[in-house]
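What follows is one chain in structure tokens, specifically the form predicted on its own.
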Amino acid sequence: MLAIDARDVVKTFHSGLLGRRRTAALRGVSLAVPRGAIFGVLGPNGAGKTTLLSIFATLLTPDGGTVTILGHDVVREAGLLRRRINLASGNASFLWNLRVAEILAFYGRLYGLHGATLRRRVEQLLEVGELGPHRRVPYNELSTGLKQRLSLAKSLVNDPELLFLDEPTLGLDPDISVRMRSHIASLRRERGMTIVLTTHYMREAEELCDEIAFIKAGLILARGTSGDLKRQIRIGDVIALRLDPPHVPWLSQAPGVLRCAVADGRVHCTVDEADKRLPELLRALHSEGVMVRDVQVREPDLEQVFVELAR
């Protein structure tokens, strides 16, 4: 069974006088997320990422299309679904004067926890979020990093089967971001939790996500693994060769070569798979009597994919 099965989801916001101004946030989004996956949704500001997660988390109602989460319809069975999911936002906001432990206890009560069971759960969440030393600190005195960790800890209060993370490392220092990503990975590894996250950080998506969907202007432009996406838009590994003689016209036609360019005294060949194509190219160059004086291999990253798709 899929964790998420969304088909042709549409959402339009109305504003201005009598709601005459319309903004199409989602324009027919279809997405299938398998159970146990970490799935990333990437896109520029205003692309529809948060709107999509809000519909999945039953916080917004779609105007059209169907969404089934963990076998439940998000509109007709929202009440049943909410006990099995949770959401952490990169812009979380809790009551300013409540202390950390009090915030976790408050949300525990909303899920029916009380007494000794609630106290044990709060202690577990404080440990998970490395928040023990800050348990008595009021929310408005927490740093950005601690607020993010509290938001993630809160989202685990009901031990959800499906967790939505909206920009989970937004504004965090690099060392805290690394720990946060490690913890997110451990949730799937140790609990089998399905996680859907939005992010602007390409390193985060590449490190965490089994699959990625790129969304722009309310439409899914591409989806797949990191490697799939690079191949879809013809961004591959780059093999840079310093050759003698320097001009080899047939290189651009060699199997697996997507394109060639000359720069800095090297021929830069973009290929589908460097591990496979490099030995083939070296053998072909040797057979043609071309001397290879230097070889460099560079892997592309998701940032290049993002830039191409966001244009």
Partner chain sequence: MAVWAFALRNLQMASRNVFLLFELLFWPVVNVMSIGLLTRFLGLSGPEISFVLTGTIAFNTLQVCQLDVAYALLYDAWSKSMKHQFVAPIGVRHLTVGAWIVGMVRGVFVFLLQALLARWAFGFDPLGAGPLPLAAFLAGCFLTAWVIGVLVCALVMLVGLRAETAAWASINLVLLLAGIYYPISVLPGPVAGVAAAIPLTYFLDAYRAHYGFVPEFRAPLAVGFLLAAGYILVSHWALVAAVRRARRSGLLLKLSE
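Everything numeric here is computed off the predicted structure, so don't read it as measured data. Residue numbers count along the first chain shown, from 1.
There is another form of this protein, the form predicted together with the partner chain, and it is not shown here; the text below is about that form.
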Can you pick the stretch from 110 to 118, 175 to 183, 207 to 215, 124 to 132 whose heavy atoms fall within 4.5 Å of the partner chain in the predicted complex?
110 to 118
Any of the heavy atoms of S30 lying within 4.5 Å of the partner chain in the predicted complex?
no
Does the partner chain come within 4.5 Å of any heavy atom of K147 in the predicted complex?
no
Contact of R82 with the partner chain in the predicted complex (heavy atom, 4.5 Å)
yes
Do T61 and the partner chain come within 4.5 Å of each other in the predicted complex, heavy atoms counted?
yes
What is the one choice in L70, C260, A37, A57 with a heavy atom within 4.5 Å of the partner chain in the predicted complex?
A57
Looking at A240, L170, L219, L98 here, can you tell me which has any non-hydrogen atom within 4.5 angstroms of the partner chain in the predicted complex?
L98
